[in-house]
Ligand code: MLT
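To begin, one chain is listed below as C-alpha coordinates, in the form predicted on its own.
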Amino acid sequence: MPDVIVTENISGPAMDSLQQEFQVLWDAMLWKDTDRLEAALAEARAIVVRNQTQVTEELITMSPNLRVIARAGAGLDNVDTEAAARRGVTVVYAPRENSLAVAELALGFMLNLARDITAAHNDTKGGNWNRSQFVGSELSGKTLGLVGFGRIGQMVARRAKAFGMKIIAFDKFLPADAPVVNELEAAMVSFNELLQTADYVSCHVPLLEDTRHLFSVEQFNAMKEGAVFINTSRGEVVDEDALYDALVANSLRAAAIDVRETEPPGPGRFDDLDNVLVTPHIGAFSIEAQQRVVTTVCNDVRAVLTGEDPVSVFV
(Lines give C-alpha, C1' and ligand atoms only; values in the text may rest on other atoms or scores of the structure.)
Protein backbone atom coordinates (compact mmCIF):
# COMPACT_ATOMS: atom_id res chain seq x y z
CA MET A 1 0.00 0.00 0.00
CA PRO A 2 1.25 3.52 -0.75
CA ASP A 3 2.76 5.79 1.90
CA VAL A 4 1.89 8.96 0.00
CA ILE A 5 -1.25 9.79 -2.00
CA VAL A 6 -1.05 12.53 -4.64
CA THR A 7 -4.57 13.38 -5.80
CA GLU A 8 -3.98 16.12 -8.39
CA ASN A 9 -1.49 17.14 -11.07
CA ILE A 10 1.54 17.87 -8.89
CA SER A 11 4.83 17.06 -10.57
CA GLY A 12 8.47 18.05 -10.89
CA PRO A 13 11.94 16.94 -9.80
CA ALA A 14 11.03 17.12 -6.10
CA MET A 15 8.03 14.83 -6.66
CA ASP A 16 10.20 12.44 -8.68
CA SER A 17 12.60 12.30 -5.75
CA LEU A 18 9.77 11.64 -3.29
CA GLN A 19 8.56 8.78 -5.48
CA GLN A 20 12.00 7.21 -5.34
CA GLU A 21 12.04 7.28 -1.54
CA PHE A 22 8.47 6.28 -0.72
CA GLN A 23 5.60 4.26 -2.12
CA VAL A 24 3.58 6.95 -3.90
CA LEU A 25 0.18 6.67 -5.56
CA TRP A 26 0.11 9.54 -8.09
CA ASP A 27 -3.20 10.07 -9.86
CA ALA A 28 -4.12 13.54 -11.11
CA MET A 29 -7.82 12.60 -11.22
CA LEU A 30 -8.05 10.79 -7.88
CA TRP A 31 -9.77 13.79 -6.27
CA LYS A 32 -12.82 13.04 -8.43
CA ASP A 33 -13.17 9.44 -7.20
CA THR A 34 -14.22 9.49 -3.55
CA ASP A 35 -14.34 5.72 -3.15
CA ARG A 36 -10.82 5.17 -4.51
CA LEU A 37 -9.49 8.08 -2.49
CA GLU A 38 -10.95 6.75 0.74
CA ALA A 39 -9.60 3.26 0.02
CA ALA A 40 -6.11 4.62 -0.73
CA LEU A 41 -6.07 6.59 2.51
CA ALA A 42 -6.82 3.51 4.60
CA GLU A 43 -3.08 2.88 4.90
CA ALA A 44 -1.39 6.05 3.62
CA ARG A 45 0.62 8.33 5.89
CA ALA A 46 0.54 11.42 3.68
CA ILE A 47 -1.73 13.11 1.16
CA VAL A 48 -0.61 15.86 -1.24
CA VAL A 49 -3.31 18.03 -2.83
CA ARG A 50 -3.88 21.29 -4.70
CA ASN A 51 -7.24 23.05 -4.39
CA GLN A 52 -9.68 20.54 -5.92
CA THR A 53 -9.39 17.84 -3.26
CA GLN A 54 -11.65 18.47 -0.28
CA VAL A 55 -9.79 17.17 2.76
CA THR A 56 -12.76 17.03 5.10
CA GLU A 57 -13.09 15.95 8.71
CA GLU A 58 -14.74 12.74 7.50
CA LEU A 59 -11.82 11.96 5.19
CA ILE A 60 -9.28 12.68 7.92
CA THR A 61 -11.17 10.58 10.47
CA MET A 62 -11.26 7.53 8.21
CA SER A 63 -7.48 7.73 7.58
CA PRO A 64 -6.01 6.16 10.74
CA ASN A 65 -2.37 6.28 9.62
CA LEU A 66 -2.43 9.81 8.22
CA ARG A 67 0.40 11.94 9.58
CA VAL A 68 0.64 14.85 7.15
CA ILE A 69 -1.61 16.76 4.75
CA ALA A 70 0.35 18.79 2.19
CA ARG A 71 -1.36 21.57 0.23
CA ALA A 72 0.63 22.53 -2.87
CA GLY A 73 -0.32 26.18 -2.65
CA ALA A 74 -0.99 29.04 -0.25
CA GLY A 75 -4.69 28.76 0.61
CA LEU A 76 -6.06 26.12 2.98
CA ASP A 77 -9.82 26.61 2.51
CA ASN A 78 -10.12 23.06 1.09
CA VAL A 79 -8.46 21.50 4.16
CA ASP A 80 -10.22 21.10 7.52
CA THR A 81 -7.27 22.30 9.56
CA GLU A 82 -9.18 22.10 12.84
CA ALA A 83 -10.03 18.44 12.28
CA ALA A 84 -6.40 17.75 11.36
CA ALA A 85 -5.22 19.39 14.58
CA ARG A 86 -7.65 17.34 16.66
CA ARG A 87 -6.31 14.14 15.08
CA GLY A 88 -2.67 15.19 15.47
CA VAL A 89 -2.15 15.42 11.70
CA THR A 90 0.41 17.99 10.54
CA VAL A 91 -0.70 20.39 7.79
CA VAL A 92 2.04 21.80 5.56
CA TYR A 93 1.66 24.20 2.65
CA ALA A 94 3.50 26.76 0.51
CA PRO A 95 2.44 30.19 1.76
CA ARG A 96 5.22 32.19 0.11
CA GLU A 97 6.35 30.30 -2.95
CA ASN A 98 3.75 31.46 -5.48
CA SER A 99 3.33 35.04 -4.24
CA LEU A 100 5.50 36.60 -6.95
CA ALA A 101 3.64 34.80 -9.73
CA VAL A 102 0.28 36.06 -8.43
CA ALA A 103 1.61 39.61 -8.07
CA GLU A 104 2.95 39.61 -11.62
CA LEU A 105 -0.39 38.35 -12.97
CA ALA A 106 -2.18 41.24 -11.23
CA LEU A 107 0.25 43.68 -12.90
CA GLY A 108 -0.26 41.90 -16.22
CA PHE A 109 -4.01 42.38 -15.89
CA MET A 110 -3.55 46.10 -15.21
CA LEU A 111 -1.29 46.60 -18.22
CA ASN A 112 -3.62 44.60 -20.45
CA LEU A 113 -6.71 46.54 -19.42
CA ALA A 114 -4.95 49.92 -19.57
CA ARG A 115 -3.94 49.36 -23.19
CA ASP A 116 -6.70 46.95 -24.31
CA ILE A 117 -4.03 44.52 -25.47
CA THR A 118 -6.22 41.43 -25.84
CA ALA A 119 -8.89 43.19 -27.92
CA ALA A 120 -6.27 44.87 -30.12
CA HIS A 121 -4.52 41.54 -30.63
CA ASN A 122 -7.72 39.72 -31.60
CA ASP A 123 -8.82 42.53 -33.93
CA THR A 124 -5.45 42.70 -35.70
CA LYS A 125 -5.25 38.93 -36.13
CA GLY A 126 -8.66 39.22 -37.76
CA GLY A 127 -7.04 41.19 -40.57
CA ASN A 128 -7.70 44.73 -39.33
CA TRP A 129 -5.43 47.68 -38.57
CA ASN A 130 -7.62 49.85 -36.36
CA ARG A 131 -5.05 51.97 -34.57
CA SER A 132 -7.45 54.72 -33.56
CA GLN A 133 -9.86 52.19 -32.04
CA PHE A 134 -7.34 51.17 -29.37
CA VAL A 135 -6.31 54.37 -27.66
CA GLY A 136 -5.51 53.23 -24.14
CA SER A 137 -4.43 54.92 -20.93
CA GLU A 138 -1.27 54.91 -18.83
CA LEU A 139 -0.77 53.44 -15.39
CA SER A 140 1.49 56.33 -14.43
CA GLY A 141 -0.33 58.82 -12.24
CA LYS A 142 -3.22 56.46 -11.48
CA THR A 143 -4.18 55.38 -7.97
CA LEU A 144 -3.95 51.68 -7.15
CA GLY A 145 -6.09 50.52 -4.25
CA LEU A 146 -4.93 47.27 -2.68
CA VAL A 147 -7.50 45.43 -0.60
CA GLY A 148 -5.25 43.26 1.51
CA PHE A 149 -1.71 44.50 2.07
CA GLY A 150 0.06 41.28 2.98
CA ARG A 151 2.87 39.60 1.08
CA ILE A 152 1.22 39.63 -2.35
CA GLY A 153 -0.32 43.06 -1.97
CA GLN A 154 3.08 44.48 -1.05
CA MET A 155 4.70 42.80 -4.05
CA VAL A 156 2.09 44.35 -6.33
CA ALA A 157 2.72 47.74 -4.71
CA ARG A 158 6.48 47.56 -5.29
CA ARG A 159 5.98 46.85 -8.98
CA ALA A 160 3.18 49.35 -9.44
CA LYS A 161 5.37 52.10 -7.96
CA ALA A 162 7.85 51.45 -10.78
CA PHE A 163 5.03 52.47 -13.16
CA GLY A 164 4.49 55.69 -11.27
CA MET A 165 1.26 54.67 -9.57
CA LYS A 166 0.08 56.10 -6.26
CA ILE A 167 -0.52 53.34 -3.68
CA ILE A 168 -3.37 53.24 -1.19
CA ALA A 169 -4.29 50.16 0.81
CA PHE A 170 -6.84 48.72 3.20
CA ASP A 171 -5.86 45.92 5.59
CA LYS A 172 -7.55 45.56 8.95
CA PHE A 173 -4.63 43.55 10.32
CA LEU A 174 -1.79 45.89 9.34
CA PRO A 175 -1.21 49.05 11.40
CA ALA A 176 -0.77 52.31 9.52
CA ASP A 177 2.66 52.81 11.12
CA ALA A 178 4.06 49.44 9.99
CA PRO A 179 7.57 49.94 8.49
CA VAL A 180 6.54 48.47 5.12
CA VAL A 181 3.82 51.12 4.74
CA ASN A 182 6.39 53.88 4.99
CA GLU A 183 8.87 51.99 2.83
CA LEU A 184 6.36 51.68 -0.02
CA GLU A 185 5.03 55.21 0.49
CA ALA A 186 1.54 53.78 0.76
CA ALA A 187 -1.42 55.42 2.45
CA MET A 188 -3.53 53.16 4.67
CA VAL A 189 -7.18 54.17 4.26
CA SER A 190 -10.63 52.84 5.08
CA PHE A 191 -12.27 50.34 2.77
CA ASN A 192 -14.85 52.90 1.62
CA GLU A 193 -12.25 55.58 0.96
CA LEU A 194 -10.24 53.14 -1.12
CA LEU A 195 -13.26 52.20 -3.21
CA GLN A 196 -14.17 55.83 -3.82
CA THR A 197 -10.61 56.90 -4.71
CA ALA A 198 -8.81 54.13 -6.59
CA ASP A 199 -8.60 53.93 -10.38
CA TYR A 200 -7.58 50.28 -10.06
CA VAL A 201 -8.77 48.06 -7.19
CA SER A 202 -6.84 44.82 -6.75
CA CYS A 203 -8.02 42.23 -4.22
CA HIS A 204 -5.53 40.17 -2.17
CA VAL A 205 -7.41 38.79 0.82
CA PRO A 206 -7.87 35.20 2.05
CA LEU A 207 -11.27 33.54 2.05
CA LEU A 208 -12.72 33.94 5.55
CA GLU A 209 -16.26 34.27 6.82
CA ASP A 210 -15.98 38.06 6.81
CA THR A 211 -14.41 38.24 3.34
CA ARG A 212 -17.02 36.10 1.58
CA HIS A 213 -18.76 38.45 -0.89
CA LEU A 214 -16.60 41.29 0.40
CA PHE A 215 -17.27 42.82 -3.02
CA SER A 216 -20.99 42.95 -3.73
CA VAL A 217 -23.55 45.50 -4.93
CA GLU A 218 -22.76 48.13 -2.30
CA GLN A 219 -19.01 47.96 -2.90
CA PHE A 220 -19.21 48.09 -6.70
CA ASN A 221 -21.63 50.99 -6.48
CA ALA A 222 -19.18 52.81 -4.22
CA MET A 223 -16.25 52.47 -6.63
CA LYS A 224 -15.04 55.43 -8.65
CA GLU A 225 -16.74 55.72 -12.02
CA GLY A 226 -14.55 54.16 -14.70
CA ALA A 227 -12.52 52.13 -12.20
CA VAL A 228 -11.02 48.72 -12.95
CA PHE A 229 -11.46 45.74 -10.61
CA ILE A 230 -8.98 42.85 -10.37
CA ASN A 231 -9.29 39.66 -8.33
CA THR A 232 -6.47 37.13 -8.05
CA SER A 233 -7.32 36.00 -4.49
CA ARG A 234 -10.37 33.75 -4.04
CA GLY A 235 -13.48 33.64 -6.18
CA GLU A 236 -15.92 33.59 -3.28
CA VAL A 237 -14.71 37.04 -2.21
CA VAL A 238 -16.76 38.45 -5.11
CA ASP A 239 -20.50 38.36 -5.68
CA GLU A 240 -20.34 37.56 -9.40
CA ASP A 241 -23.90 38.70 -10.09
CA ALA A 242 -23.06 42.12 -8.66
CA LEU A 243 -19.84 42.31 -10.66
CA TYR A 244 -21.67 41.39 -13.86
CA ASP A 245 -24.28 44.11 -13.27
CA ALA A 246 -21.56 46.72 -12.62
CA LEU A 247 -19.78 45.79 -15.86
CA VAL A 248 -22.98 45.85 -17.92
CA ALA A 249 -23.90 49.24 -16.49
CA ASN A 250 -20.37 50.49 -17.24
CA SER A 251 -20.06 51.83 -13.69
CA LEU A 252 -16.88 49.78 -13.82
CA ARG A 253 -14.79 50.29 -16.93
CA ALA A 254 -13.39 46.78 -16.81
CA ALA A 255 -12.48 43.82 -14.63
CA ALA A 256 -10.06 40.89 -14.62
CA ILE A 257 -10.83 37.77 -12.61
CA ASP A 258 -8.54 34.78 -12.28
CA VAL A 259 -10.68 33.04 -9.66
CA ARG A 260 -14.39 32.18 -9.59
CA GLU A 261 -17.09 31.41 -7.06
CA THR A 262 -17.36 27.92 -8.54
CA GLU A 263 -14.37 26.34 -10.29
CA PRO A 264 -14.62 25.43 -13.06
CA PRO A 265 -17.56 27.81 -13.56
CA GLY A 266 -19.07 26.46 -16.76
CA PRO A 267 -20.60 28.76 -19.40
CA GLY A 268 -21.71 32.06 -17.94
CA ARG A 269 -22.67 35.63 -18.61
CA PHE A 270 -19.10 36.94 -18.44
CA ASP A 271 -18.47 35.14 -21.73
CA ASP A 272 -20.53 37.76 -23.55
CA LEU A 273 -18.80 40.82 -22.11
CA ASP A 274 -15.95 42.63 -23.85
CA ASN A 275 -14.82 44.52 -20.75
CA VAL A 276 -13.77 41.57 -18.61
CA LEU A 277 -10.72 39.29 -18.73
CA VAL A 278 -11.18 35.79 -17.35
CA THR A 279 -8.42 33.24 -16.73
CA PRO A 280 -8.64 29.73 -15.21
CA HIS A 281 -7.04 30.30 -11.78
CA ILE A 282 -3.51 30.55 -13.17
CA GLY A 283 -2.13 33.06 -10.67
CA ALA A 284 0.29 30.58 -9.12
CA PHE A 285 1.02 28.77 -12.37
CA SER A 286 4.40 30.03 -13.43
CA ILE A 287 7.14 27.49 -14.06
CA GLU A 288 9.28 28.96 -11.33
CA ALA A 289 6.52 29.24 -8.74
CA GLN A 290 5.35 25.68 -9.27
CA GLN A 291 8.87 24.36 -8.88
CA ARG A 292 9.17 26.24 -5.58
CA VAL A 293 5.76 25.06 -4.38
CA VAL A 294 6.33 21.39 -5.18
CA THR A 295 9.82 21.43 -3.70
CA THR A 296 8.56 22.99 -0.47
CA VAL A 297 5.68 20.58 0.12
CA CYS A 298 7.66 17.48 -0.92
CA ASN A 299 10.49 18.42 1.42
CA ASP A 300 8.03 18.90 4.27
CA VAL A 301 6.26 15.60 3.59
CA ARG A 302 9.64 13.87 3.65
CA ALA A 303 10.52 15.61 6.91
CA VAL A 304 7.33 14.51 8.67
CA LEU A 305 7.60 10.92 7.46
CA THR A 306 11.24 10.65 8.56
CA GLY A 307 10.71 12.25 11.97
CA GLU A 308 12.24 15.64 11.16
CA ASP A 309 10.76 19.10 11.57
CA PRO A 310 8.89 20.48 8.54
CA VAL A 311 9.44 24.12 7.58
CA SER A 312 6.09 25.46 6.34
CA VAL A 313 3.62 24.24 8.95
CA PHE A 314 0.14 25.67 9.41
CA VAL A 315 -0.39 26.55 13.05
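In this text, all values refer to a predicted model and were calculated from it rather than measured experimentally. The first residue of the shown sequence is 1; numbering continues from there.
One more form of this protein, predicted in complex with the ligand, exists but is not displayed; see below.
Q: Tell me, out of 195, 113, 72, 186, which residue has a non-hydrogen atom within 4.5 angstroms of the ligand in the predicted bound form.
A: That would be 72.
Q: Between 90, 231, 98, 219, only one gets a heavy atom within 4.5 angstroms of the ligand in the predicted bound form; which residue is that?
A: Exactly one listed residue reaches within 4.5 Å, namely 98.
Q: Which among 280-288, 30-38, 60-68, 245-253 is in contact with the ligand in the predicted bound form, heavy atoms within 4.5 angstroms?
A: Going through the listed ranges, the match is 280-288.
Q: Does any part of residue 51 reach within 4.5 Å of the ligand in the predicted bound form? Heavy atoms only, please.
A: Close contact exists here: in the predicted bound form, residue 51 approaches the ligand to within 4.5 Å, heavy atoms only.
Q: Residue by residue through 151-180, which ones have a non-hydrogen atom no more than 4.5 angstroms from the ligand in the predicted bound form?
A: Counting only heavy atoms within 4.5 Å of the ligand in the predicted bound form, no residue of 151-180 makes contact.
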